[in-house]
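What follows is a single chain, given as structure tokens, in the form predicted alone.
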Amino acid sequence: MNTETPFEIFLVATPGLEQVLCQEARTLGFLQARQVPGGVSFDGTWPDVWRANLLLRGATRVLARIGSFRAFHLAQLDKRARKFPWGETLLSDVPVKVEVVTNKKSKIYHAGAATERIERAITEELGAPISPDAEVTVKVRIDDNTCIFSVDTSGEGLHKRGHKVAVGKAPMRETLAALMLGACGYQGQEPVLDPMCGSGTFVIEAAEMARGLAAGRSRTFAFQSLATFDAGGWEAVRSAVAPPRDVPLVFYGSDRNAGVIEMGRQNADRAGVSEICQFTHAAVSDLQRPDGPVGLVIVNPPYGARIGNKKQLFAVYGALGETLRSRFSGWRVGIVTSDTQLARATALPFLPLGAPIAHGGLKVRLFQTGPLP
């Protein structure tokens, strides 16, 4: 597979936020991006794969479709897997792992047996070692007797930006934070405030977006260990990123836990946005409206199922709503919670609800307001 032949590129999204990721992909120039179940799909080339990994803030991973064939039984799968052009994508000296998903419409329904045949074909025909810890993963979907092969070009999940070390309990993933900000209409041109900021994910993500920093600038990717990788081409993709913008805004994080505030400061420093982020130790009821333009308050408060006692949380949500209603006229609000009753305890004027969103084994929703009266 040369770098000029287009193939399908699939961006894995947080379920419920595919539309927001599709919009981000189009904004970044992937104009044919279309929303599909579980993510976003478009045709592109290997430089597009590299660029997607580097720039997209909302994608969980970037998969490259490398081929498919029909197989009605394991012997046929074995034979065709041995003829598959693995060497066009994989290197013989780089470990690989294989993950197979089967469905009921296929005659091959045993994922373990299918995995074994494909691993053996890769090892015996290409020579690549199989390892459960390999960074390079071949993902196989057997659907209606068709085996569809993709390679995970990201490696570690894309929420691992490479510059956040310190995290509090129940942290929000950076990819999900970016999509939540996008769902609130945030485009990097207004201040953002998180009054329960934990280790600072929303604040730092918003500041990075405002400065135009590439999401994956501090990390490496699995595509760098593929046969299709070209160091010169990758350098050209990195060099084409516009330099960081100067931003006349401040991004605010506060929390009643002094320890996580220090984590937020350290994370902002490593991300290169500490000069536009302000972290303070404060309870929600002490929150003051910052000077300057109106913006977005976004918060991922505890919701009983994760942290805290639900009865006590009604008071916390009530205090949050009271503070925002009395002091934040003109600001928009986004609250992430799994509990509609808790959200209603804020007495904020919420807009109609969107789809449920998968987060850490729970279904959460984003409760949003327009500009507060």
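Just so it is clear, the structure is predicted and the values come from calculations on it, not from any experiment. One rule holds for the numbers: they count along the sequence shown, beginning at 1.
One more form of this protein, predicted in complex with a small molecule, exists but is not displayed; see below.
Exactly one listed residue, out of Leu176, Val260, Ile122, Cys147, brings a non-hydrogen atom to within 4.5 Å of the small molecule in the model of the complex: Val260. Interface residue among Gly272, Pro302, Pro95, Gly155 relative to the small molecule in the model of the complex, by the heavy atom within 4.5 Å criterion: Pro302. Taking the partner from elsewhere, Pro290 is found to have every heavy atom lying beyond 4.5 Å of the small molecule in the model of the complex. The small molecule in the model of the complex comes within 4.5 Å of no heavy atom belonging to Lys107. Using a 4.5 angstroms threshold between heavy atoms, Gly216 stays clear of the small molecule in the model of the complex. Contact between Ala282 and the small molecule in the model of the complex is found at the 4.5 Å heavy atom cutoff. The candidate stretches are 180-188, 76-84, 194-202, 234-242, and the one lying within 4.5 Å of the small molecule in the model of the complex by heavy atoms is 194-202.
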